[in-house]
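Only one chain is given next, in structure tokens, and it is the form predicted on its own.
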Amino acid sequence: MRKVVKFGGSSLASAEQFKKVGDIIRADKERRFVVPSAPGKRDADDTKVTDMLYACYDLAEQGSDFKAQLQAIKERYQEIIDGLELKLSLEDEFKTIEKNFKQKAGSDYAASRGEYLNGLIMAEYLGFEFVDAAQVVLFSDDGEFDAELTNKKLQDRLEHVEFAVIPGFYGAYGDGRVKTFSRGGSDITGSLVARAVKANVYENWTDTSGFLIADPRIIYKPEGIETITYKELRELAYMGAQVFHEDAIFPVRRAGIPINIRNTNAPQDNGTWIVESTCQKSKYVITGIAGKKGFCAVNIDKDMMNSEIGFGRKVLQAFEENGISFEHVPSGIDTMTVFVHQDEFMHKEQQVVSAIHRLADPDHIEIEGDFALIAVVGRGMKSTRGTAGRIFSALAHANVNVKMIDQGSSELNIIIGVSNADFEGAIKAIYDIFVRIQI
């Protein structure tokens, strides 16, 4: 078996954390390919190395003296090296970084050095081969990630490698210039490596024991999720649930590789398994609850709208012309509502209204702001009667006014619209009816 293991910044923030990671890797010889992030925060008041690098490069770009900031970064790494009792010097690496900063190599290059340097330390600590991600993770000239070329490069490079460390978060253009993924992109690198080496499992180690059914900032000690499908995860991630970079799903999903989210500080926990499909029933009817505040509803009324061919396309064209994407579009016989992000829409609302009148000739348009959207997701809902009724009952009991409800054809999720002020109360009510009373 082959396992790819990715460790987040909190798992590698200090020498003490590094030792935990080393113990985890050495405990299982199948953990052959390691993808490290840059050092994260050692405590709540600390600064992530990636943020330190961004700040340092900003000074360099302005032509200001950045030596003190670069020295502080060097000291962070030296503290880890000393704590691990390694005979490794990063002196030459920092000379190169300083030179490239002066030559304004770019903020992507600057940010990527966090993972690059941590990868060097990890490879030295484990005795693994170091593979620079810039040589195997490739982007086209227009900045688009080249998935197929990357997969071939990774396959060729790792074909005869038993154990390797490949830094996360970055790759390179064809000319060698460094390009990064979005923040949290080390998850993507791990997924790419897992696909390339045809891993049996992709383990993603962080500081939580997998996914939780709801946001712990809203629900006190929410229950964990044992198994979740790719589709369920996509629905929850889209509505704001954050543990795993959602773009990291696609490479492993294509290859049918399961993902196991684990806790570096509690390696005995099973964590959460992310799988393509499963016959295992969820412990509860729902798998998870997630949501976001800050939406706006544009309600369009027109008599006989349902018999007018192309009406919906004309309405959505008005949003497209103004560069605004929509979230949900529930409709009735004579009504259609378009949900959009309020901060994106509010500065163009009158242009959109004018365009809707011009293109679709509605009878009336009304705009409502300060909405929150909540997704209740679960494969168990498909085979359980009365799920929507239980949600309505719970929300009514909590004095929450439901302004919209929309269920996808897959019956995998139900989207509920409430006011921003009712957001937390609605999530608590839904969690209570499906989870707390079942415990």
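One rule holds for the numbers: they count along the sequence shown, beginning at 1. Being a predicted model, the structure only gives us computed values, none of them experimental.
Keep in mind that the form predicted in complex with aspartic acid (ASP) is missing from the display, and what follows is about it.
J.: Taking any heavy atom pair closer than or equal to 4.5 Å as contact, tell me whether His341 reaches aspartic acid (ASP) in the predicted bound form.
T.: Output for His341 is no: heavy atoms all beyond 4.5 Å of aspartic acid (ASP).
J.: Since only the chain is shown here, I'm wondering whether Pro362 would be in contact with aspartic acid (ASP) in the predicted bound form (any heavy atom pair within 4.5 Å).
T.: No - in the predicted bound form, heavy atoms of Pro362 and aspartic acid (ASP) never come within 4.5 Å of each other.
J.: Could you confirm whether Gly185 comes within 4.5 Å of aspartic acid (ASP) in the predicted bound form, counting heavy atoms only?
T.: Contact check for Gly185: yes, within 4.5 Å of aspartic acid (ASP) in the predicted bound form.
J.: Can you work out whether Val376 and aspartic acid (ASP) are in contact in the predicted bound form, taking contact to mean some heavy atom pair no more than 4.5 Å apart?
T.: No, Val376 sits far enough from aspartic acid (ASP) in the predicted bound form that none of its heavy atoms falls within 4.5 Å.
J.: Within 4.5 Å of aspartic acid (ASP) in the predicted bound form - does that hold for a heavy atom of every one of Ala38, Lys48 and Phe169?
T.: Every residue of the candidate spot has a heavy atom within 4.5 Å of aspartic acid (ASP) in the predicted bound form.
J.: I need the one stretch from 399-407, 48-56, 382-390, 366-374 whose residues put non-hydrogen atoms within 4.5 angstroms of aspartic acid (ASP) in the predicted bound form.
T.: After filtering at 4.5 Å, what remains is 48-56.
J.: Is any part of 333-351 within 4.5 angstroms of aspartic acid (ASP) in the predicted bound form by a non-hydrogen atom, and which residues would that be?
T.: Read in sequence order, no residue approaches aspartic acid (ASP) (within 4.5 Å, in the predicted bound form).
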